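The chain below stands alone and is given in structure tokens; this is the form predicted alone.
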């Protein structure tokens, strides 16, 4: 869907590049995670890809054609959900969606979407009376309004309760299953792990890693199994390498001890984020 080569961008009057010579591609039909600490260049990259920022260096191809060669028909192809939900607060949810519907040639029936995210009963309520979570869900529906081929989702489940978060994640997976492509930024690493086919880590405007979550866990994790068992009233922990778990000593331990837990040494995406970026996650 996108090929990005040597992308650089500097804001007016800024000394440093916000995005400093990055290369990546987003394959059709994948959920591509774009991760990094605040100020790393995530939002800038997204704004360039959706044609909000134009004076960049490098080359971007969208479906094999230069992004700069697309006119406004490009916006029929994409749906965007910004982190800060934007709606007209004096209009109802339906009036908001009707306003945006007029901007597109092709749109979908919003009733199934609103029912799915739990907003159908509140469709005639002014969005100024909506909670933050309701506004985010409405934002998500608006991103799907024009039946896009490509979704840009910025922190889509931040501020959403677990039940609605699961519904939205299911809808994102279904969008991919129907051939859609997703560019996802999030600080909720469990969501990234659940959803993304590949992730890129960007730090100080440069990409440090691009790979699948599984491959990153294999690269950064320890190939060990940790066994916790009770002995003389205490919990004892012992680690075995992947080679050692094939030995009689490991089986003897399992047979003779009161085992409480078994853990692989697989690391988490949160740990990888901290290792790759050098920045701890907040919130």
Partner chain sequence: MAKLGILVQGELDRLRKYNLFTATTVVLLLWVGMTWLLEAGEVTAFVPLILLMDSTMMSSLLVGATLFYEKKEHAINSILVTPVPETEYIAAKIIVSVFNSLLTFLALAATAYFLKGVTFNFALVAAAVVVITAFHALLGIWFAFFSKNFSSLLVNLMLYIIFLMLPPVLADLGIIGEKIARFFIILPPDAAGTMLQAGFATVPLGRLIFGFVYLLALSAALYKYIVLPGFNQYAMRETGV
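These figures come from a predicted structure and were not determined experimentally. Residue numbers count along the first chain shown, from 1.
Although it is not shown, the form predicted together with its partner chain is what the next lines describe.
Proximity to its partner chain in the model of the complex holds for none of 26, 56 and 62, with the criterion being a heavy atom within 4.5 Å. Interface residue among 224, 235, 52, 218, judged by heavy atoms within 4.5 Å of its partner chain in the model of the complex: 52. Contact annotation for residue 76: at least one heavy atom lies within 4.5 Å of its partner chain in the model of the complex. Under a 4.5 angstroms non-hydrogen atom cutoff, its partner chain in the model of the complex has residue 84 among its neighbouring residues. A residue is said to contact a partner when one of its heavy atoms sits within 4.5 Å of a partner heavy atom; residue 95 meets this definition for its partner chain in the model of the complex. Contact annotation for residue 130: none of its heavy atoms lies within 4.5 Å of its partner chain in the model of the complex. The chain is drawn here without its partner chain; in the model of the complex, the stretch among 114-122, 98-106, 202-210, 162-170 whose residues come within 4.5 Å of it by any heavy atom is 98-106.
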